[in-house]
Structures are given as structure tokens and as C-alpha cells.
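In the form predicted on its own, a lone chain appears below as C-alpha cells.
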């Protein structure tokens, strides 16, 4: 059986059904025929099943070494390990786009199944919006970026997967990133449904809260996996280089973070309705922009392994249509977005969220400017320019300092507002504690860089303010319920998962911030040539080059150095950096050797041979890098805890808005 033909046919069926999903609900609403909306729902289910078959077909083609398929021949080989053949689907642009469309099909089916009964007014528009997006991607896949193309003369072996992609970090990075990108399509569709129906209440925010949180969590995880991959594979001793394609995922993350905070204000105070609609439309549009930047090949990046201007033009046109339609609808309905509630005080929780939003959006704009400016200059025929870390350090970092400060002040504020004297009484203890910590860091830890001092000050300020807020809540619970510390703490955290899950996320960011400061300001680097028996001292470590030998993997050979590292305290480790050459790729690939510890990483990169006995090495001592990964794990735990929170407005009657619209009878299947 030719699995690739099945995959191709299934994708064609998916496109036809996506058009039905797009059009049938429109007919149902205009003709007031609910049966047509149910046709759209069934079409969405068929799209999800068909795209699942398409993905299975491509994956099996990889597993069977079907090199008659051009995509398989370009991204696999007979010697490629099973794990990478299983995940090579997203090793190139064609498979990545199919993976995107498949995720969107699954998300659409789940969203319709989940919200069919609870949001009957919104479902028809949600079906049509998501059907339009899926149709756009399937047209791209079938006509401009097909993973089903056959070769008239199949080769005996494939070209193999890009060596840089043969790493666990890169295997997990794209799927999580795409789960985040695509996930924002659901709240985007519900937002447009609210605008189309003119039923603009807070219910669409409540309906999509978990979708938003889940998508933000997946995007965050994808970005961290990308940093982890860069740290382990690229061999430059760092994990974030402000690479343009890194930025392409970071920009929507910043705007999505703003939306995640802002929608809490709309739930609680019925404010920021225009702002929230703007943020979710912008977030999804920036997700499409990320796809455009990566898949069009307009960026020069270690991540951008695809280059096809025709595909890029299509994605750009598609993104333009989405922008014009969604923002045009927002402007058209702006008269219905006036809120009776006004901001009563600058010293209030809602004001803190507003300023937090504004600075996050400004931060996203600074990163977007730094990413697109070189492209604009090159397009205009000017000299080629690059925007690197100095720009972001001067422009982006100070903005994030303000966001950190607001994060610390937030728990001390209350809704509607408070007196300045009360805020000053609440804030002086965290400020004093953070000031003492910053002074100690300056005096004893040798932190001299202003950014380092400010980062430590703000990180401690956030940690202390959150700790005091939690402690005060626990004391109240102990008194009110006459409980001990442990049961009171447990009950408090269980009853308000959303708040304290958010606290855990904030503390994870604090831990990551300390990791950024340590690894950014105190990294020790040495480039040198070593002969067997030579040693070098880095911090408390004595690293000795003990020899070099050849090793062989399933589809590569390598020169592997043996580095023995030991401390005066008796700790001893062996590091094995490699210089690999893959069977079908002549360019050598670096495999850094990393020994991670609580306070520092020892990072060794094997360079080129200088003579028969001497080899070049790059050695790094990276303080607190493990805190970056540990902080990310804390964030993940906080997000998971927040997702367990029950839905809001349970006691209220289910309402999807006001005004006439077609309502689907949920009793009919």
C-alpha cells in the first residue's frame, strides 16, 4: 500500500471538507437553517480525521524509507535513527505546514465538541473562521508546499536529516511551538464570533480562558526547548542570541502574555473589551507572521532551513487578509465596545494590569523592529545591517525591568483602588529586603553591572512581595478556619489555583531572571590549544585533556576528546566533546560536552586539530544556567496548577451575548 497516496488523497478530502466547514455555517445563519450548521460541525470532524490520516501516511513513509517521496528523500536516510525518522515530519517546511494544519484540525474538532452546547451562538462563526484558516493552509500545502511530491527516479538513499535537527531539543521544540501558535486560533475565532454576532460580553473570554492558558504554556515550553537546543547543539556557550527566528516566536509570546493578564480584568471588572480583542487578534496575526518569517526564507538564521519566495508571498497575502478582515471587523463594531466601567484609580489592580499590558506590547514592538529593520534596509537596497544583542540590551531590557517592578507591586494592590499611604506601608518591607539583597550582591558577589544589580533587586522584590501576600492570606485562613499552618496553606492553594498558579509562574520567572544575570554577567570563556596532559583552571575546576579517539554512531563518525575535570573537594567528572561528521553531510557538527550543576555549568567544545598532538578547545564556565531551566520547570508547574481551576461564572446563567443570532439546538446531533 502506498501510504503517501493515501496521505495526499486525505489532504484533498480535508480541503474540500474545510470549504464545507467554512461555507455551511454561513448558509445556516443567513437562511436560518440550523441543519447547515450541523453540517459544518460534521465537516470539521472529517477534516480532523482526514488530516490525521495524512500525517500518519507521511510518518509511515519515513519509517518505511520510501525515497520515492521527495520530502522523505530530502529529510531522511537509511541510517537515520528510528526516533528521528518518527519525528522528521517537521524536519522541513512542507511537513511543518502539514503538522500545523493537522493541529488546527484537531483543535477545531475539540473546540466545537467542547463548546457546541454551551455557546450555540458563537459556534457557527467559530466554525467558519477556523474553516477559512484551515482552507488557507491546505491550499498552501497542496499547491505550493506539498510533502506528497514523488520522484520519478527514487534514490537508493536519502540526503539525511539536517545534522543540527538531530537533537532531542530540536525534536520537541517545533511541536510545542506550533501547539502554542495554533492554539491561539481558538480564542481568535471566538473573539471574531463575538464581533460578528454583535454579542460582545465577557463570556467569550471565560469560554477561551483555558485555551489561552494552554496555548501560552505550549508556546512558552517551545521557546524554552529552543533555547535548550541552542545551548546543547550550536556550541557557542549560550542559549539565546536574539536570532531573528527566535524573535519570531518571542514576539507573539509577549503579546499573548499581555492578553493573558488583561482578560482577567475583563472577567472581574468588565473593562478592556476593545483592548482584549485587539490583543488576541494581534497575537494570532503575529503567530502567522512567525510562520511567514521562518517558512519564506527571508531571514538568515540557523533555524530558517527553508527558502521559497513564492510560498512566502502566499503566506504574506494570507496574513494580510486575516489582518484586514479581523481588524476591520474590530473597527466596524467599535461602537458596541464601550464599557460603562472606568478606571477609578492609578493605584489599583486594573491599572497595574493596564500598564503591564502597555509595556509588554511596547517590548514586543521593540523586538519586532529589531527583527524587521534589517529586512527593510535590504529591501530598500541599502547596505546589509544586523541588529544584535547591544540593541536589545539597551532598548528591550529596561522595559522588562518595568514589567518586573509591576509584577512585584501587583499583589499589594486591590481592585478599584487604594490610598497611597496604604500602598507605601505595604511596599516598604519588600523594597527594604530587595535593597539589602542588591547591596550584598554588589559587595560580596562582585556584581558591578547596573543591569545585574537592578535585576537582582527586582527579582528579590517580586519574590518578597509574593511571599508576604501569600503569608498574609495564610494567616487570615488560619484565624478564620482555626486551622494550622499546613492545612490552611493547602486549602488556600487548592481553592484558588489560578492565583497561586500565577504566583508560581512569577516565581519561576524570578528564578530564570537570576539565571540570566549569572550566566550573562559572570560567564568565563577561554579559547586555547591543548596537548594531551595539558590542563586549564576555570573557577574551582581543573580540566585536563587526557586524550582523543574516534567513535561511531548510527549515521555519523566523530573525534571525541576526553576531558577530566576535578575540584579540590574531590568532585570528579569526565567530559566528552565531539566533532561529528554525518554520513551524507560533509560539514562537521559540534556536540558540546556539558556538565550541569546547581551553581554552574562546565561547557567544553572541541575545535579543529592544530597538529597531530594539539587540538583547539573552547571552554566556558556558565554560572546559574541550571536556574534558567529550573525556573522554566516552575513556570510549567504553575501553569498546570492554574489549568485545574474551575470555570468562572458558574453560578450565572449561561449567556453568549445579546441580540439576534442563529442558535443551534444542542439536542440535535
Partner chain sequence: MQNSRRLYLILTIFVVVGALGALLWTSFTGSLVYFYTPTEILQTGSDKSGHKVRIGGMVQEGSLVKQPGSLKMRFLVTDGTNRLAVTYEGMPPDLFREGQGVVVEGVWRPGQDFNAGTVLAKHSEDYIPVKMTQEGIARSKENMLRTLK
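Since the model is a prediction, treat every value here as computed from it, not as a measurement. Residue numbers count along the first chain shown, from 1.
Same protein, other form: the form predicted in complex with the partner chain, not shown, and the subject of what follows.
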property	result
Region of this chain that lies against the partner chain in the predicted bound form, out of 534-542, 508-516, 189-197, 349-357 [heavy atom, 4.5 Å]	349-357
Residue 617: touches the partner chain in the predicted bound form, heavy atom cutoff 4.5 angstroms	yes
Contact label in the predicted bound form: residue 605 to the partner chain, heavy atom within 4.5 Å	yes
Close approach of residue 610 to the partner chain in the predicted bound form, 4.5 Å, heavy atom	yes
4.5 Å heavy atom contact, residue 159 to the partner chain in the predicted bound form	yes
In the predicted bound form, the one of 103, 218, 171, 164 near the partner chain [non-hydrogen atom within 4.5 angstroms]	164
The unique member of 469, 246, 267, 560 whose heavy atoms fall within 4.5 Å of the partner chain in the predicted bound form	246
Neighbours of the partner chain in the predicted bound form among 53-69 [non-hydrogen atom within 4.5 angstroms]	none
